[in-house]
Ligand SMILES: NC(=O)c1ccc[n+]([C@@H]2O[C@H](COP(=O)([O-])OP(=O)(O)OC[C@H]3O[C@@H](n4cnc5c(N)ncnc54)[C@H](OP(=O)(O)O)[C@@H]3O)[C@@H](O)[C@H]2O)c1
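Here we start with a single chain on its own, the form predicted on its own, put down as structure tokens.
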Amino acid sequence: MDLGLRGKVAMVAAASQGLGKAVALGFAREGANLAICSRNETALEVVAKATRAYGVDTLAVPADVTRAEDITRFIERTVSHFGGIDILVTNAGGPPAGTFQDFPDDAAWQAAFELTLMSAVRLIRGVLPSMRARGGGAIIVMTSSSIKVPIPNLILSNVFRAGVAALAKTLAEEFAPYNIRVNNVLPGRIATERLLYLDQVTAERAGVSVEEVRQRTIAEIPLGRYGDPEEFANAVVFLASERASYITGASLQVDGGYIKCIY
């Protein structure tokens, strides 16, 4: 199936590792040109080189998505380099694990707010003029299964990712007259560095091995395994493509059946 992405311009935030990296490579395989960012410049250049191997033009911009000025620079350089933006994938590393009582100071809450919610707000606000000028676009908001079922020991992520999901749902209606689609994508247990960190934290709290935590979780996933980052990326790339032109305001679960709720 031709997804109609060849020559499109896709921005992917936090693309030096994990799901962001997988998504960037997914777009490259479909022939989309890329603008990617990360705080880790060395890792970012490795990803840029890998995407260019597919014959696409990739702009790599070192940027911290918790800083408004970095987001502005990332967007300005993308527009200057490519002439406009067709696709935005919002993404950021997750806040630290912990319970409500682990974060008594406002600083942790403010940092999670800037990382998870405001990074999405600023990225979307920044690309909107270009997408309107080009007659439309697609915004994919990478969030979490926690917007359906809160995850124990992830109070900061649970709170702010729910806000991001509400933002996307609201903007899907607001942006529809501009032919800009906005959708959430919810990763379940996808095998990334972030998941390994979370499994390690859970294991330490429970006093068991990481492998035991992993096996307990896998037992709750109907497909019986953790997902591969490329499987998640395939869903993101499809939602951003012309083949998903009538999908907006949706929250797509990529979780092997892990989320049990009906809605």
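In this text, residue numbers run from 1 along the sequence as written. What you are looking at is a predicted structure, and each value in this text was computed from that prediction instead of being measured.
Absent from the display: the form predicted together with the named molecule. The rest refers to it.
Think of it this way: in the model of the complex, the named molecule has a heavy atom of just one of 190, 165, 171, 112 within 4.5 Å, and the residue is 190. Interface residue among 39, 205, 214, 29, judged by heavy atoms within 4.5 Å of the named molecule in the model of the complex: 39. Contact check for 3, 136 and 240: none of the three has a heavy atom within 4.5 Å of the named molecule in the model of the complex. Taking the partner from the other structure, the named molecule in the model of the complex has no heavy atom within 4.5 Å of any heavy atom of residue 52.
Taking non-hydrogen atoms only, residue 66 approaches the named molecule to within 4.5 angstroms in the model of the complex.
Proximity of residue 92 to the named molecule in the model of the complex falls within the 4.5 Å heavy atom cutoff. Residue 195 belongs to the set of residues with a heavy atom inside 4.5 Å of the named molecule in the model of the complex.
Between 140-148, 72-80, 175-183, 126-134, the stretch whose residues reach within 4.5 angstroms of the named molecule in the model of the complex through a non-hydrogen atom is 140-148. Heavy atoms closer than or equal to 4.5 Å to the named molecule in the model of the complex belong, across 8-24, to the residues 14, 15, 16, 17, 18, 19, 20, ordered by sequence position.
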